[in-house]
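Let's start with one chain on its own, the form predicted on its own, as structure tokens.
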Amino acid sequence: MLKYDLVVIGGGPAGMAAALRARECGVQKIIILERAATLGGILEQCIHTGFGLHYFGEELSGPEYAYRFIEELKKTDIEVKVDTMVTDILSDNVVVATNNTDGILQIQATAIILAMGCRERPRGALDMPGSRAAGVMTAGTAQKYVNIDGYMPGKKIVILGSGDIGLIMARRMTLEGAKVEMVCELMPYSGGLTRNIVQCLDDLGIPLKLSCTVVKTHGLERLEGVTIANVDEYRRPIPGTEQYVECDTLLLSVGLIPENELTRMAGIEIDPITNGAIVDEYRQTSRPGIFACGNVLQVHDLVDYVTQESQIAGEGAAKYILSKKEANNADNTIRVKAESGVRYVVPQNINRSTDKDVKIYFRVADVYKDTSVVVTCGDEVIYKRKKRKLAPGEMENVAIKLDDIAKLSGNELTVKLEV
């Protein structure tokens, strides 16, 4: 059996950043296992710019952003195995993987970092009437066809869902000569970043229809059109609002799902809202020595934030490895919960003995204006700040100072909104 201090599962931006930070912190024997043929993850097909503004202070494309971390990896002794699929995590942190060269591998790890990313929600999850005609695909699949393979999925496009990938593909398809008829969004607000709504839709004159969805697809072998309809406050189609739209391609941008099959198989506790692991401030899961970061933990807006979170996980794994840290005592844990307009929080736990300030990331459940973000411990207000606008499409965070954590009298923090 192979033995490593740290096994990182996933070679995208999260896995690379976590491995590099762990190495900087003194971890000696590290290996990255990546199921694709190359490192970089989804960034390889994201040829648009907008990456790196927060982390590098400059605007990069997805491949450029990934390249910088790949080059940093080459300067270290961190091992990498691509085309390698991890199939299980056994007791005592034994990782089971397989590839064409080594066959089945068993790797004994002191610590493991889960960085498997996320996948798109497919058509099968939508219960949409219609045949299985060609031309219905996720926005990410269309992105790969255009940016990697050099194929155009279609010429007349309808996009369902206003997530960032859908918005970016609305612009990309337009620039490649297609006609994007509209973007339909089930919710009364967009799920994407404001900058993407402006740059990808408004600047190109592409209409965004809110509280609207596709209720049926038409066409047998190839998509010929879709029927759209407005929805009520309960997201149910309103009879009489149906409209037929001719198109040959329907792109789905209806949400991302963390790739957490391995996490569940390992018996790790999952947050029902994020569908990612429940973690502490160092991103350690409910299983000692197993950490999670990036989109497998919570779906991020920006890869810059993925990098920052993954560095926290890398540092946490290094502390665990170098100090042979045991499981945290439940009595030493401060629970963090979401209330009153806050949909979820990450991390969900903070160790009272932590040695650093802690950022609590969260998303709101609706669009709010002139609303205060408040963090309380019992009746005590730890943090309060007014925000001009809060929207579900943009992740927010609050920073809790180390001194404030040390002074907490209770074992529960609450993040909520106050009008």
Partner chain sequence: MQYDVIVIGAGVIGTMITRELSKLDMKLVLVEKCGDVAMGSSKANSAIVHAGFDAENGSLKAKLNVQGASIMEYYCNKLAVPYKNIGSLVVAYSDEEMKTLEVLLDRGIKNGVPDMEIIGQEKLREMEPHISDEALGALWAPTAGIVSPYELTIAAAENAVMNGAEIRRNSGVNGIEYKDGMFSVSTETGVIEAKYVINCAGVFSDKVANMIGDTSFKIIPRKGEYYLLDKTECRLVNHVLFPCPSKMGKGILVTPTAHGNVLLGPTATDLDFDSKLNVETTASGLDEIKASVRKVIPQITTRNAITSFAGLRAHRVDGECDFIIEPSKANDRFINVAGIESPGLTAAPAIARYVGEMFKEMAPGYEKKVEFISTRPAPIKMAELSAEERAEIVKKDPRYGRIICRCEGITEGEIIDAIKAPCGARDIDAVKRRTRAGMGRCQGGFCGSKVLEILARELDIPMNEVTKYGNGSKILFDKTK
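Numbering follows the first chain given and starts at 1. Here the structure is a predicted model, which is why all the values come from computation and not from measurement.
One more form of this protein should be noted, the form predicted together with the partner chain, which is absent from this view; the next part is about it.
- The partner chain in the model of the complex is not approached by Gln108, whose heavy atoms all lie more than 4.5 angstroms from it.
- Not displayed here, the partner chain is kept clear of Ser91 by more than 4.5 Å at the level of heavy atoms in the model of the complex.
- Gly154 belongs to the set of residues with a heavy atom inside 4.5 Å of the partner chain in the model of the complex.
- Among residues of the shown chain, Gly130 is one whose heavy atoms approach the partner chain to within 4.5 Å in the model of the complex.
- Remark: none of the three candidate residues (Asn351, Thr354 and Gly410) comes within 4.5 Å of the partner chain in the model of the complex, counting heavy atoms only.
- Partner contact region in the model of the complex: 258-266, out of 299-307, 313-321, 258-266, 342-350, criterion any non-hydrogen atom within 4.5 Å of the partner chain.
- Only one of the listed residues (Glu71, Glu221, Asp77, Asp203) places a non-hydrogen atom within 4.5 angstroms of the partner chain in the model of the complex, and that residue is Glu221.
- Here is the short version: of Thr98, Gln243, Asn230, Thr333, the single residue with a heavy atom within 4.5 Å of the partner chain in the model of the complex is Thr98.
- Residues of 140-162 placing a heavy atom within 4.5 Å of the partner chain in the model of the complex, in sequence order: Thr141, Lys144, Tyr145, Val146, Asp149, Gly150, Tyr151, Met152, Pro153, Gly154, Lys155.
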